[in-house]
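Have a look below at one chain only, the form predicted alone, in structure tokens format.
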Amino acid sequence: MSNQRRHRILMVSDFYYPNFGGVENHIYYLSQCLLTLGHKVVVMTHAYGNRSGVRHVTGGLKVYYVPWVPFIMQNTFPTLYGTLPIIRTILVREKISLVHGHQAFSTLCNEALMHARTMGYKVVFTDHSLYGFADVGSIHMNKVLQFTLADVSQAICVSHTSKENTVLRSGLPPEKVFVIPNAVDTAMFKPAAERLSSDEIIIVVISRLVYRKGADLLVEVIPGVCRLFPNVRFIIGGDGPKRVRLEEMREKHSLQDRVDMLGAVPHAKVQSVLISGHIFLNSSLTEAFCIAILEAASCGLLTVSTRVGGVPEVLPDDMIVLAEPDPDDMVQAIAKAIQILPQIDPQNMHLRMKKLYSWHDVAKRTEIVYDRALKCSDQNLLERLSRYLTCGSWAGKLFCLVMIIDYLLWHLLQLWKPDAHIEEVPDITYGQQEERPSNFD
């Protein structure tokens, strides 16, 4: 690789390895592909247990596990200004040119974007979730997002539905929001070498067992399917507060021999669980994209999913059967999937997924967004404050006050410890012989 780096990117989110999920996978695979394209990428997240400090992972990716413990749902406690000194140090040490934050409800992401704009850095934000407009939690999060994105350079959403949702929630001009879908590592998610027997139909569910993922829906769907199809068996991977309800359902309907509860499944073992089934069932009540569907399709499984959020955009019609988030409609969708199952060729489906979704393609499209962001004109504090004033009659004034204090604290830090006194980290060039990540195509 050439010593000349094109961009120096800091990825920031509370959600990263060793935790597993859509956001974590997205940041990891995107970072690895950006490294292969010649960019310098550094990840900043909070500490996970004993995993604290600076780590180097596959492909030379550097990760700062900042020594803050998660407060709730893997999010750090919001401090507004407490993260400013360490974020400033990382930005200067790593000679960062652009900050890329992920996930709207990541405290670390929101604070990093705020501080980066104060220091004059260009910022990009990727939204991975959908939110409503009526409940108290959504109203609060939408106001936080409006503040965070008031001065963002560019934004990315993982589906067109997600873009519409983000634009409505944040008030961002639609021309500043790009749609770049997730992808799947098809080298990791491959079908079984031999086609499974159709004497017994196995339906796989791998999901967090929480309300948002439709665990309550599963409680009503599974007994109905088992009554209609004596040769159907379910494998459920995942854990969460709704697991108790599923276990009670299994006891109530005497389905212990037809519903296997695996508990939490490590990401490295997801593929081995998927290839043991014929159909993948997704019962989510809200989804911006759903990477789990891609992983299942790449393993050759026919998908049955609720028609919510960005899910209808993910797969071609012949790879997925959609249903309303209603027990009866889902049972009918599963019955339809069982009928068309003999027409499904897992190997052919896998080859189609390789052409449809590629992390290298995601990285190249993200490069275009970075280029657009870096070409945005620089603005002084007064010009930036005018954007925050548009966030509401009282909220706009409050946001302006927050940013003025942040600006003053930044200058105090510069007086106390000038940028010249922060030691810069030399770039490490990896030769051809160095280990590189697996093929993400």
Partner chain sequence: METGRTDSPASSQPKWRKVAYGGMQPGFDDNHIDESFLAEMVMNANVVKRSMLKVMLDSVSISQYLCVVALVVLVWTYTLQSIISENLLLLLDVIVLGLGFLVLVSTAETLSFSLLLNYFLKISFFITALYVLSPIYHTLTRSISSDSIIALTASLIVLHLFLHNYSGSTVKALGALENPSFTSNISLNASIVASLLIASRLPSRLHVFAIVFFSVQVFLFVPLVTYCIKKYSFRLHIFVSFVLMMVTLTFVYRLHTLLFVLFFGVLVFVNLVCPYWLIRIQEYKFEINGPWDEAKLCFDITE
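Positions refer to the first chain, counted from 1. None of these values were measured; they are calculated from a predicted model.
Another form exists, predicted in complex with its partner chain; not displayed. Remarks below refer to it.
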Query raised in the report: Looking at Arg117, Lys242, Arg88, Arg258, which has any heavy atom no more than 4.5 Å from its partner chain in the predicted bound form?
Result: Lys242
Query - in the predicted bound form, the residue from Phe289, Phe280, Trp359, Phe125 that sits within 4.5 Å of its partner chain by heavy atoms - result: Phe289
Query - Partner-proximal stretch of 264-272, 103-111, 226-234, 323-331 relative to its partner chain in the predicted bound form, 4.5 angstroms, heavy atom - result: 323-331
Query - Contact test, all of Met11, Arg55 and Lys62, partner its partner chain in the predicted bound form, heavy atom 4.5 Å - result: no
**Report entry** Touches its partner chain in the predicted bound form: Val314 (any heavy atom, 4.5 Å)
**Finding:** yes
Query raised in the report: Is there any non-hydrogen atom of Arg195 lying within 4.5 Å of its partner chain in the predicted bound form?
Result: no
Query raised in the report: With the cut-off set at 4.5 Å between non-hydrogen atoms, does Asn165 touch its partner chain in the predicted bound form?
Result: yes
**Report entry** Partner contact for Pro174 in the predicted bound form: its partner chain, 4.5 angstroms, heavy atom
**Finding:** yes
Query - Residues within stretch 106-145 having a non-hydrogen atom within 4.5 Å of its partner chain in the predicted bound form - result: Leu130, Tyr131, Gly132, Phe133
